[in-house]
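One chain follows as structure tokens, the form predicted alone.
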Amino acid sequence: MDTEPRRLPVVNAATAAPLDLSPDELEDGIRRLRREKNAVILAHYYQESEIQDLADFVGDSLQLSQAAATTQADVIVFAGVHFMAETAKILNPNKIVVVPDLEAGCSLADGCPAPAFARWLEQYPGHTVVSYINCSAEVKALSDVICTSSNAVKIVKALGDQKIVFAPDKHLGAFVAKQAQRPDLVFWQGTCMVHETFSERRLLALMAAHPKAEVIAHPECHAGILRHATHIASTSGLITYAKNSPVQEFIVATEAGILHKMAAEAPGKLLIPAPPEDESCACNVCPHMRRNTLEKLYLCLRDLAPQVDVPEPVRVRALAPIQRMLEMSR
């Protein structure tokens, strides 16, 4: 399998020296630059709270794809990770797409390099390729339909009895196979570095300490976590559940950045992040998502760099499965 780290095509890159601006000055500058450049800021729930608060739209991967597909802005600032920015560029080839930090990657996308994936697919002729959106543009271009954790079950069910390859997340794939009653799904063996690290042992101890708390979990978690969950859903689905449930305490098994929006939507409720196995690390925090900072957000707006590009042949091939996902999600 190819192991070389993948790099996005870049139009240009910011090289400015660090800024001597306070957080308030950075926030004011970001708002001003957004107006001047007719930009929209899209942010994932896993971003730092101050970036979420500045964003025009905060959502999960499906919601962000839908927002990117319909925006009228000239510039899309994607505060997330690189596959999200690529998706925005695929949908908006004539718009400028910038990211605060080009090195904000994804273990799922990095763990499924397109050349290795293409060779692996040769073992499964006649299979429909369903790829989780957490993959590169090149892998999307090898796929028949893209999905997110919000719509993966719906899409697999809609494909009827077609033979299916599901990539790159094996845990999400196993959840989808169970929910869609498709034990024949073939999985690429990828995992998310954050969701893989949650500890069943420490979760059980936390449940014992908080007997009134419900466990709610993202389907990228491994089976040892999901078996204890009352509700399994995408990030947006978890927030909605916490908001609407009469339960007042939740143990939340996904990246801890979600707690900011969840607390705003479910005020007064106790939200406890699920623990990683290693008690000495903050492994329930995605290091890639946290590469984005207020300063980097300001700089990418000021300089319109680094810009993300997708080679046109790849973009055209990747667009079809993304559009199919958007159509199937209506």
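Keep in mind that this is a model prediction, so the values were computed, not measured. Numbering starts at 1 and runs along the sequence shown.
Although it is not shown, the form predicted together with a small molecule is what the next lines describe.
K.L.:
Answer yes or no: in the predicted complex, does the small molecule come within 4.5 Å of a heavy atom in every one of 60, 83 and 132?
P.N.:
Spot residues vs the small molecule: full contact, yes.
K.L.:
Could you tell me which stretch in 265-273, 60-68, 28-36, 296-304 has residues with non-hydrogen atoms within 4.5 Å of the small molecule in the predicted complex?
P.N.:
So the stretch in question is 60-68.
K.L.:
Is there a heavy atom of residue 143 no more than 4.5 Å from a heavy atom of the small molecule in the predicted complex?
P.N.:
No, residue 143 is distant from the partner.
K.L.:
Check whether residue 235 has any heavy atom within 4.5 Å of a heavy atom of the small molecule in the predicted complex, and answer yes or no.
P.N.:
Residue-level check for residue 235: yes, a contact with the small molecule.
K.L.:
Is there a heavy atom of residue 40 lying 4.5 Å or less from a heavy atom of the small molecule in the predicted complex?
P.N.:
Residue 40: no contact with the small molecule in the predicted complex.
K.L.:
Against the small molecule in the predicted complex, would residue 289 count as a contact residue? Criterion: heavy atoms within 4.5 Å.
P.N.:
So residue 289 counts as contacting the small molecule.
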